[in-house]
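A single chain, nothing else alongside it, follows as structure tokens in the form predicted alone.
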Amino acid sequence: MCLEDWSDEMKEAGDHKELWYNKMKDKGLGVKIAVTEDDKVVGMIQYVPLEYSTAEGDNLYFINCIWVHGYKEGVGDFQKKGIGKRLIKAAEEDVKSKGAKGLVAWGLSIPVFMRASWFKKQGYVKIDKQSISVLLWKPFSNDAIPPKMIRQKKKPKEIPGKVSVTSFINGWCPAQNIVFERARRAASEFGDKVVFNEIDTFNRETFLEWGIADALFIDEKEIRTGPPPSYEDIKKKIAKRVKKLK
């Protein structure tokens, strides 16, 4: 729950992360957590073999997420205390011990969550980019081969006489799981006028077919999902399309 077990919003995410964890726990998933002296969990990093990520390469690991709790709610704000640096160093040492040739991260070029600029300060180098998403890496050996982003290959098609709501879901990110659950619930409000399509991208072949891990489309239009749009906002967007049906 991204350390946010106090959050009512996080409770909307369903059990997708738990299902993802049960699939990944024996496939090389690595997790480190930061704990205070009084046993408060205040930070975490999660990383997986690259073949379970949104990038491609050889003998590399990929950071899905690194997060230090920064809210007043729950355990309180623990950011800007060097916790993130210690977490990423711990992950680096772990994947080195597994024989990996480098650690890869995704970041954003804008100053929000998972900032690419923060990874650069930790010694990571930009290797690929698409829109505001940046792929960075830190090689551990001279023969490490740079990774590449896997790009979108196609998008959902409209269904004549219906509104199509298509949600791609991998399961690893609670925020995107919230989007999925809100979209599914909103789509159900319109009866047979709306068709809801779930595309499970944990399946690697499915992910490679589309080149999309987590996303929401209403007909052929992709809806911005970061931060997660509200249930009401998603429902309004669907309703707008429903009104245009002949």
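Please read these numbers as outputs of a predicted model, since none were measured by experiment. For every residue, the number given is its place in the sequence shown, counted from 1.
Missing here is the form predicted together with a small molecule; even so, the following discussion is about that form.
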Original post:
Using a 4.5 Å cut on heavy atoms, which of 152, 117, 141, 133 is close to the small molecule in the predicted complex?
Top reply: 117
**OP:** Check each of 123, 160, 82, 99 and return the one that places a heavy atom within 4.5 angstroms of the small molecule in the predicted complex.
**Re:** 82
Subject >> in the predicted complex, residue 202 touching the small molecule (heavy atom, 4.5 Å) >> reply: no
Original post:
Would residue 67 show up as a contact with the small molecule in the predicted complex if we use heavy atoms at 4.5 Å?
Top reply: yes
Original post:
Which one of these stretches, 83 to 91, 125 to 133, 161 to 169, 142 to 150, sits within 4.5 Å of the small molecule in the predicted complex when only heavy atoms are counted?
Top reply: 83 to 91
